[in-house]
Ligand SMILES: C[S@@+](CC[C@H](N)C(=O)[O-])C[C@H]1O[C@@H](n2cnc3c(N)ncnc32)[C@H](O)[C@@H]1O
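What follows is a single chain, given as structure tokens, in the form predicted alone.
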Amino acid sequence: MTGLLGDTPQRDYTEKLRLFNAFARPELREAIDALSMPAGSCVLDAGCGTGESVRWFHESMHGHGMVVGMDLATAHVRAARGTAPARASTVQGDMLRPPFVDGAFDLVWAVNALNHLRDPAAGVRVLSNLLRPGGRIVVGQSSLVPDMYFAWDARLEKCVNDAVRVYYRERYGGSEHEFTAVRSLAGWLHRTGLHDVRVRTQMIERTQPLAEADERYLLECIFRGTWGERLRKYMAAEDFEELTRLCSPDDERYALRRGDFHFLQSLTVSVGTK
């Protein structure tokens, strides 16, 4: 099955997942620890990617619980098995057809995962069925609020963000409605019949001096992976030239070496109880 963003069992973006998890580790760990999962809990990481969150849940419960990772991609499952603790289990599976019986888990964690589905609300319903009575589902998404990359040039940021949206619509054949539907995290939980729905948004904030993990993520995943040459046809020539200079480590104006570099990315987490 091909998802909204082209996901298939054969697709592999292992390195991007590892870089993001290293970059956002403090904020993701804080969100996991705040759940205060009791010893003996059974947790599913749906869309586990390269397995870092599986390990963090295991550590948060001090090893006294069961954590299962699930991902659609063969390469991601292989990577997660090398990252997750030996006691954890990692399986290959589709979020809309998970290989588990209903009521198997105390908590389901699905962060930066539902936006890959063409019908994310259906994903919430299916994953909620996996919860025991009183169990919780956590759905989360980064960048519900537009990211800030160039604190000194909001106009260029807007040009870049607009170009990215057009590129994604053309590449994946999705509508603006489909790509922004993930903003309804809390709404999905309410409509699924969950109660005590709570939402928290925190900012992933980075300024100089940047840690190595921060610079690697911003350079490789954003400047080169998300932007780069593929945005040329969607931007005015002078704006693309400016963007290229700011994103090049060989240029004297390289953004990540500027003393006034200031990056913001939101991380929104919504929790509902069955």
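In this text, residue numbers run from 1 along the sequence as written. The structure presented is a predicted model; accordingly, all values stated were derived computationally and were not measured.
There is another form of the same protein, the form predicted together with the ligand; it is not shown, and what comes next is about it.
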query	finding
Heavy atom within 4.5 Å of the ligand in the predicted bound form - residue from L189, A113, A181, A84	A113
Sole residue of D153, D94, D106, D147 within 4.5 Å of the ligand in the predicted bound form, by heavy atom	D94
Proximity to the ligand in the predicted bound form (heavy atom, within 4.5 Å), stretch among 70-78, 164-172, 128-136, 190-198	70-78
Residues Y234, E242 and S248 all lining the ligand in the predicted bound form, heavy atom within 4.5 Å	no
Exercise: N21 in contact with the ligand in the predicted bound form, heavy atom 4.5 Å	yes
4.5 Å heavy atom contact, Y13 to the ligand in the predicted bound form	yes
4.5 Å heavy atom contact, L17 to the ligand in the predicted bound form	yes
Contact test in the predicted bound form: V54 vs the ligand, heavy atoms, 4.5 Å	no
Residues of 217-252 having any heavy atom within 4.5 Å of the ligand in the predicted bound form, listed in sequence order	none
